[in-house]
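As a starting point, one isolated chain is supplied in structure tokens, in the form predicted on its own.
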Amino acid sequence: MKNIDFKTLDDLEAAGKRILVRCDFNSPIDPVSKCIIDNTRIKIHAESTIKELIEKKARVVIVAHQGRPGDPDFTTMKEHAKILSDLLESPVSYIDDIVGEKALNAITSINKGEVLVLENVRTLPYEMKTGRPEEHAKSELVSKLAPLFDCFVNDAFSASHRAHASIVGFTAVLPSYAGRVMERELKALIKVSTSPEKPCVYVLGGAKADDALAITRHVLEKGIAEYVLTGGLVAQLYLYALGYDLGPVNTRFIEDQKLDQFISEIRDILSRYYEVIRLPKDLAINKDGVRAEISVNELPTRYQIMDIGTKTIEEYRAILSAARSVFMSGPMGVFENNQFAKGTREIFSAAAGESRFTLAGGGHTAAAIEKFGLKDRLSYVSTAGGALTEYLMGRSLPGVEALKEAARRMNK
């Protein structure tokens, strides 16, 4: 597999082995009931890596996290283990310990084809400290657990932008492999960021304008994308940088979010790539509760901008019709309100289809895809957030680099 030079499950003889698997089970938690309200991340691990290892009669021990210490969603892995058991339709054990005697005894007692979930790894005070694999290998987590395992599998792509102990520490001392979720994420990313089939189009919307700017700069400077289509707050900020007066309510939001700090950088990139960075020609505003469309030449407006307009949709659809590779992140507008869902629905639908490879990523993007029933028409929908963004910015991910280094040692 081009540009992925580490071991995968295809290289692992799993039968009978005791395998430590790092998953990303981090899930949305209801603030009142404290129950998990979306099991998507647990499900993707269950249906791929974990199921495969069980079928191969491995002894599977899972380490994962939920939330951050002090945050409302910081809790145990007990419910995660129950959900995993239901998804696998087989018993999954849970132990409220990680490196203590209870955990060590449970790990050594596990039988072939069984699954054990350890406690939230972030209950360990040193887990979230960043460090090199060799440094983390000296931690209590790695020094106590590693001798009990035959190998380590990192399946947590979405947490692999962090050089935490459970992500990189085991790779320094154990034969290490990428799980199927990790493998799929990277294969999909390569298709739109390293060797995309041309023409390649990036659709960047939503509210994370700083991330969108960094991705835009990288993919255009490296010649990865032929076009970048903008929507949402990203497009508003670009228009603002060009000197358009968006009106008091929209300008105030940009200033309150301190997004005006990026203006000079946006102007620089627009001066070099103006022809390929497409901005809206018209916009949809919330005029007393009703959708109304205005040309950007009619700005400023005293109403809130909520979506891209019809002429912009037509232009973007024409560009997407010729694309062979598409990456989408962020909605075109406030799609949660049906009056302003048109831009997101039309553009996401245009990007979907068998004639091109389309990768979508980001929480709001996934929610829009679910709302419009597009998931089955897209090539891949990523569950990653920060790791996806870091990768698309051209930055290396510590978890991925650690797997590569482990593979080099294994090949010697």
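Numbers follow the displayed sequence, beginning with 1. In this text, all values refer to a predicted model and were calculated from it rather than measured experimentally.
What comes next is about the form predicted in complex with ligand 3PG, which is not displayed.
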query: Out of 191, 208, 161, 80, which one falls within 4.5 Å of ligand 3PG in the predicted complex, going by heavy atoms?
result: 161
- request: Let me know the one among 317, 278, 291, 122 whose heavy atoms come within 4.5 Å of ligand 3PG in the predicted complex, would you?
  value: 122
query: With the cut-off set at 4.5 Å between non-hydrogen atoms, does residue 31 touch ligand 3PG in the predicted complex?
result: no
Contact of residue 382 with ligand 3PG in the predicted complex (heavy atom, 4.5 Å): no
message: I'd like to know whether residue 26 contacts ligand 3PG in the predicted complex, with contact meaning heavy atoms within 4.5 angstroms.
response: yes
query: If you check in the predicted complex, is residue 45 within 4.5 Å of ligand 3PG, heavy atoms only?
result: no
- request: Pick the stretch from 343-351, 60-68, 370-378, 356-364 whose residues have a heavy atom within 4.5 Å of ligand 3PG in the predicted complex.
  value: 60-68
- line: When ligand 3PG is considered in the predicted complex, the residues of 321-335 having a heavy atom within 4.5 Å of it are none
